[in-house]
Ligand code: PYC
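Next up: a single chain in structure tokens, the form predicted alone.
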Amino acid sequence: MRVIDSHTEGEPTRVILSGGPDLGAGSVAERAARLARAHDAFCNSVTREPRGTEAMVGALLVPPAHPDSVAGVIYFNAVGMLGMCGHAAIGTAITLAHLGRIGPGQHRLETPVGVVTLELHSGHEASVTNVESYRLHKAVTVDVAGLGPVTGDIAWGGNWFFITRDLPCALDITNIRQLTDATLRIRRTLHDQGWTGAGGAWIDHVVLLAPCDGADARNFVLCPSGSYDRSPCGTGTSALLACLAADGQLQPGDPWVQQSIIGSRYHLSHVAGRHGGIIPTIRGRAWVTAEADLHFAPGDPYVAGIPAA
């Protein structure tokens, strides 16, 4: 299996160029559904140890359904499918540029949740115009064991997020274990108390937000796998901007700088969406880190990855 690895502001992406499963024809969403139904072993083998890491997002390139798109892509991690992924979209753009498949300018990329626009600024910097993002519920309060009442918004930015400013401790990289434990508790409590995204969707990401010198905010983001996002989380910050816009705190075109828990940054802005939400644009940097052939030897007991704990 031929892959190219990259990181976007610290968060890894693995683009699968060849050797993935045959998903047939149809929309990218239909092919993503087939991947989810029938190819767990493939997804796990790419993103879990010993070949992957808990923070790894896989990006399976597939032929686009429309000829004006540069590619179709299906994002996934060790837990399952991702509708959209901001850091991986930027990583995909830089990988396609590395391969000589795109040059500077705008390009259409098909994802399971819709077409997004990539803009390549240089060999290491790109923007992605995300899907329409919106807030579903404002000021939801849940009583979390060991933390007490936690209040936040439930919003969509390509994935479902619970966004709160109620912090268990300082947003500092030395507190990763405590922050991870707290956000896992919050996510579990949301599930246990019946809070979901639209259509009963699992709220699989939790964002903790704090003020930050030199940026508009600093965040800690829990990802579906239980790992934390090393980047500032493009879909999570898209969801945040939707909340700020709904409250009249951020106007179309206003810049927003989001810093991650490791200090990396995205630059964002938005315009009004067609359905009452916003269309965010995320700008960040990515670097190719490896080109590799993954091997799957017969008899390898961990050919499909080490099972999740």
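Quantities reported herein were computed from a predicted structural model and do not represent experimental measurements. The numbering used is simple: start at 1 and walk along the sequence shown.
The same protein also has a form predicted in complex with this ligand, omitted here; what follows describes it.
Student: Counting only non-hydrogen atoms, choose the one of 179-187, 83-91, 193-201, 99-107 that falls within 4.5 Å of this ligand in the model of the complex.
Tutor: Careful reading of the contacts points to 83-91.
Student: May I ask you to choose, among 71, 223, 74, 78, the residue with a heavy atom within 4.5 Å of this ligand in the model of the complex?
Tutor: That would be 223.
Student: Using a 4.5 angstroms cut-off on non-hydrogen atoms, would residue 155 count as touching this ligand in the model of the complex?
Tutor: Contact with this ligand, no.
Student: Indicate whether this ligand has at least one heavy atom within 4.5 Å of a heavy atom of residue 233 in the model of the complex.
Tutor: Yes - in the model of the complex, heavy atoms of residue 233 and this ligand come within 4.5 Å of each other.
Student: I'd like to know whether residue 205 contacts this ligand in the model of the complex, with contact meaning heavy atoms within 4.5 angstroms.
Tutor: Answer yes; at least one heavy atom of residue 205 falls within 4.5 Å of this ligand in the model of the complex.
Student: Can you tell me which residues in 97-125 come within 4.5 angstroms of this ligand in the model of the complex, by heavy atoms?
Tutor: The stretch does not touch the partner at all.
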